Structures are given as structure tokens and as C-alpha cells.
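Shown next as C-alpha cells: one chain only, the form predicted on its own.
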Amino acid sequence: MNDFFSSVTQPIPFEGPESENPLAFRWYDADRLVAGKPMRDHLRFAVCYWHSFAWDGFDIFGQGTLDRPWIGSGGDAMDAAKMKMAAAFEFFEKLGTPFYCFHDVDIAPPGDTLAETARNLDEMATLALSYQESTGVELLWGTANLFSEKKYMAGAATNPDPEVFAHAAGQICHALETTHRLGGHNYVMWGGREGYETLLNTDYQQEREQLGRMLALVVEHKHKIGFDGPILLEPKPFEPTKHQYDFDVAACDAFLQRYDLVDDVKLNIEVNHATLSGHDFDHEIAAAFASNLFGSIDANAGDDRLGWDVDRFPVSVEQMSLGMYQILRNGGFTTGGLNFDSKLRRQSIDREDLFYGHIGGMDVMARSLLIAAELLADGVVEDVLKSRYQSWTNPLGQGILGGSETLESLRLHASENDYVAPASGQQEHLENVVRRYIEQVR
């Protein structure tokens, strides 16, 4: 494989922090042991098929700008899909990422009927399987695109027309079976239009019941076909609808609890979605772990001055270090990983730019891992946390949490004991500690 990215003649090497080679890693050393296992196993990097290969840079204001010869060529759609797949696996292999992710229509063109769409996907899955076997690249997760076509303008699972619900179910069914066939580690349910603009034309309770039923059907089919990986629900606030049913981790937690789906459905957390929901990235991770819902990560970044999903490559070591810290302190990834749901800027039109974006993102995440691992190993944050909550291990705290205390007994306790002045939260100190580790860790 040496056709589309012919200027990159070898796999991207690791050259260390002093390297000035734009086609080399400065921080991502796949074999480096961190906290007892190789860096590659901690990070489990994946490249997304959609932004990297199924998008040519178009936006609502202008035509595509990126060099993607398989898009809009006017030739046979399946031939174009095969060209796209050859370029994609060439890129995966040269970049050195162990995983990739896709929507069904990213790898196979939709047909005029659901049956034709399924046949196209089957043919392309056969080709993908051969590429996986020859390169060793695996599928982190697959999903179905239930938001682009006109029929899904009012949602898929939450659509007011049950015929659309049935079509979405059929599309999910085949995408899930294809993911299973390709050895996918997870399957994602991304509710791109599962929400509404106004209650004037929306039955909120009806739509919520529909969404719950769709997820239950997916879980049932997962078990029927023997798919072992989790179903991942992706929290997403706003865009494209004003009110998304899957707004953030907390909303998804409540939804999954209501429909008894927490054992089979976990969460795929995106950095920029966390930002758009008004949360920090590490907050969403901590919230998912607290409810045993953590699954996987879409690694990208937003823009503080743009309130929409810009999907930049990760650039903030501090933001990502805090996120990786929460992942590490809670045991790390199991079936999930770090998928770069990130896209080039429309002006980045050279083929090498796709390497630059991913190399930079992988280096940010690798350095963040090193910082998080050192913070955790040294215990400088954990010691403060333990000290701050230490009194909850005393009889009073245990009685409150264990249920032996009542409002009346607590009133009596408070009336008989002087209030103890609180200890400092040391926020500035802890922020300085993180900053020092960012500066020093190598």
C-alpha cells in the first residue's frame, strides 16, 4: 500500500522530544512502559473514517477543499469506496494506529433500498476484513449513520413516523452484524438528531419511550448474535437540535437507569461535546466512572469562541492530562480507546496535513498519559483528596452513609458538638502541582 500517501515512505517513527521532524512522534513511543504496560495499550488510538476519508472539507458556506479523489468523481460508487478504503488502510498502517472507526455509509455507498445498502456494506466489509488481516489494524467500533438522509430529519428512533423507526432499526441491525463480523470491540449509538426544536410539534414522552425501545432492541440483538462488546451511547448537547435527549453523561445515566440498560450500554464521551454541554472533559469522565458507564473516548477539541462542534485535533496538554488522570485512576480502558473524531481545517489541503493532525493529537495524548501516570504514582493529588474526606471514615460519617443516623439524631449531634472549622480546599496549590508536572515530566 503506497498510492495515496506516496510521499510518506515509512511508518511514522518515534524520535523523542527534541525532534523537529514533522513526520515523527515526539512523545508517542508505542513500546514505552507506562504504569506497567505499553503506551499503545493505554491509549488504544483509532482513526475515524468519516472526517478523514468521507469528508472533503465542505461546509454550509462552501464546497469541499480537500484532496479526496473518491468523492464526487462521478464514477462508480463502489469503485470509489474501494479506492477510499485502500487510502484509509494505507494511512492507518503508516501512522501506526491499532484501530479505526466507521459509520456504515462511510465505507459503503447507500443504495436505493435498504437491501441494496446492505449488499454494498457486505461487499465492502469483506474487503475491510482482508485489509484488517494484512495490516493488523482492528475495528474499535462501528455505527450507523442515522442523521444524514432526509428521512431522518426528525430523528431516527425518535421520529414521529414508525416506518422511519423501522428503517433505522434495519440499518442498525445490519451495521451491528457487520461490526461483529469485523471483530469490532464496541458498537456506538450516536443520536445525531434524537432531540427536538420545539414542544409545539413534539410529544416528549412518546419520543423518549421510542428511544428507550430502540436501545432495548439493539441490546436484544447484540445478545442474539453473540456480540460481546458493549453498546456505547454518545452524549451530545445541542447541535443539531436544540434539545438533545442525550445531552450529557448525567442525562444518559438517568435515561439508561430508567430503561434498565446500564448493564449492556456504556458511554462514548467526546471532548468537544463535554465543552458544549458546559462541563469539563474530566468531569464527564469522572461522572461516567462513578456510574459504571465509562466506555470510550472521542478525542478532539472545541474552540472557546465557537459554540458548535468544530472537531479540532487535541491541542491542550492540560485539558487532556486531567482527562487521562481520571481514566488512569479508575483503571483505564477496557474495550474502548481514543478515537480521533477530529478533522482538518478547510485550508489544510495537502495530503501530509492528515498526518500532521494525527501526529500532533497522538503526541498530546501520549504526553498527557505520562503526566497523568506520574501524578497518580506520586500521589500528590490523591493524598489531598484522601485527607479532605478523611473524616467520613469516622463513626459520624459512616453512620450517615450507612443509614444508622436520622435527621433527629444528627440534630442532636450538631447541638451537642461544636462545629469544626473546615480545611482549605487548596485549589490553587493543586493547579500549581499539575502545572509543575506538565513542565517537568519527560
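What you see is a predicted model; the values in this text were computed from it and never measured. Each residue number is its position in the shown sequence, starting from 1.
The form predicted in complex with a small molecule is left out here; the points below concern that form.
Contact with the small molecule, judged by heavy atoms within 4.5 Å in the predicted bound form, is confined among 265-273, 325-333, 81-89, 125-133 to 265-273. Proximity of residue 152 to the small molecule in the predicted bound form: non-hydrogen atoms within 4.5 Å are absent; the residue sits far from the partner.
Contact annotation for residue 55: none of its heavy atoms lies within 4.5 Å of the small molecule in the predicted bound form. Shown alone here, residue 309 lies within 4.5 Å of the small molecule in the predicted bound form, counting heavy atoms only. The closest heavy atom approach of residue 341 to the small molecule in the predicted bound form falls within 4.5 Å.
Taking 367, 103, 358, 185 one by one, only a single residue has any non-hydrogen atom within 4.5 Å of the small molecule in the predicted bound form, and it is 103. The partner is absent here, but in the predicted bound form a heavy atom of 190, alone among 245, 313, 281, 190, sits within 4.5 Å of the small molecule.
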